[in-house]
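Have a look below at one chain only, the form predicted on its own, in structure tokens format.
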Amino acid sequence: MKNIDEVLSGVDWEQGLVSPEIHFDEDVYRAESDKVFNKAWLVVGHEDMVPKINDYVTNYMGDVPVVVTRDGRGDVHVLVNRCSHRGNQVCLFDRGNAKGFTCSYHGWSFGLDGQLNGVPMEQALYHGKLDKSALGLETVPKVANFHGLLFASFDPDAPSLESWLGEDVSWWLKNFVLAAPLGGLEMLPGWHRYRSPGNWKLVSENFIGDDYHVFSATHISWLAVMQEFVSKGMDAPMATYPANAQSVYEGAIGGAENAPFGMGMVTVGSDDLFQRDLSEAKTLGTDAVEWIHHRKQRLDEISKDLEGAPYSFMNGGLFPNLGLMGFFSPMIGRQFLMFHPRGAIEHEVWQWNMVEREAPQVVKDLAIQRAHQGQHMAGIVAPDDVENFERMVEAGKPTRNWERPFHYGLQMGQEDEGPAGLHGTMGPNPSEFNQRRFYRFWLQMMERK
């Protein structure tokens, strides 16, 4: 049996070779729970999920259940959802509004700041010796709000979020993910959740850079449906999904010292996608046309000091487990997906949708339909991905099949053959450069003592 160091030696990211063992081995899974998920900054939600005093929403950090709360003073907390008395979960609902949580086992009650407020029969049973100040819910020590996106880290010695992200990743997140200069994003209510076979890293690296599968095999059925609908004059939102542009690139942002952020199908230096959005806006009315012109002007202002003017990207991923989909056009709802590990060979997807806040309602309505008909389990994109992961798990469980590494050699040596003068590196699309960077950073975290 191999030890962890021997298993990690099978990650040769420079040659694009990664041992499948890291996606199946239970010891690796337990090690990365500590070295990755207990150390990294993780996205735990968006501030719009807890807009009012006493709002709360549940989530996970790795496999640890947490509750994101907004207390009576308006402060946001991230609390481990586990009673300090006997370890029972204290928050039983996905989201809501309450002044506190009461454990269903023995009735200990906690405030939204995690403080232990009440213990049944305290004086009679503990005789004034219970130190309630030391028995609150565990509070995640590092919490930060980045233009509405909430991050947290279990590591009290973690670098600042600014250092974790770095300048270039922050620029893309602020301007093109969270649309801060465009008025920000509007949250649509509720989580969409489902379980899927496959190690969490497989789906994370899929979003951070795998556009190869989209047009080569996996999603050609979607493209066939689009063509058939168009040929029959069926005007369904997914049949007219904006999926093509003349000049697209692979964006690789962040370095070896920062969390890697990857983007697929980045559009730079061409206005054909803008013209496509403008054409569709004309079918939606004057407000939509004026807004499309306004946001293009704002995007040009953001990029005025750069050598090229990016317009959008399709998919993306931020290490370790945040996926992004639908950022190609404002006519698509923006999807944020979190890939929570559930053992070595399974993960759970939690996703939410957002639209640009200042968009006319007619645009929001169209964008929401496309989000729900696409990267959703009820849509025509996500199920194809899940079927691939299911087959990969079936073929990868036998230990004899761990000896032959996965191959990530696409566009090796051509990584920077894209437009220069932007934040990060632009290369040809599709590529597997971002997957190589993903495993480089993962390996660095796993090897830290």
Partner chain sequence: MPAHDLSTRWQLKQEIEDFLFREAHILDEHRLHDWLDLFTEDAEYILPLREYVEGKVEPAGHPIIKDDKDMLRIRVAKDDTGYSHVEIPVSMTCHLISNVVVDASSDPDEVIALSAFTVRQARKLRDEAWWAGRREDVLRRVDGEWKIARRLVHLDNTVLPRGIAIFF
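Every value quoted in this text rests on a predicted model; they were computed, and no experiment measured them. Residue numbers count along the first chain shown, from 1.
As for the form predicted together with its partner chain, it is not shown, yet the points below apply to it.
Put simply, Tyr56 is close to its partner chain in the predicted complex: some heavy atom of it is within 4.5 Å.
Contact annotation: Asp131 falls outside 4.5 Å of its partner chain in the predicted complex, judged by heavy atom distances. Contact check for Asp94: a non-hydrogen atom falls within 4.5 Å of its partner chain in the predicted complex. Heavy atoms of Asp271 never reach within 4.5 Å of its partner chain in the predicted complex, leaving it off the interface. The candidate stretches are 389-397, 62-70, 417-425, 26-34, and the one lying within 4.5 Å of its partner chain in the predicted complex by heavy atoms is 389-397.
Site annotation in the predicted complex: the residue of Ser221, Gln123, Gln275, Thr283 reaching within 4.5 Å of its partner chain with a heavy atom is Ser221. Residue Gly379 is the only one of Pro360, Gly255, Gly379, Gly183 with a heavy atom lying within 4.5 Å of its partner chain in the predicted complex. Although its partner chain is not shown here, in the predicted complex the stretch 355-376 places heavy atoms of Ile368, Gln369, His372, Gln373, His376 within 4.5 Å of it, in sequence order.
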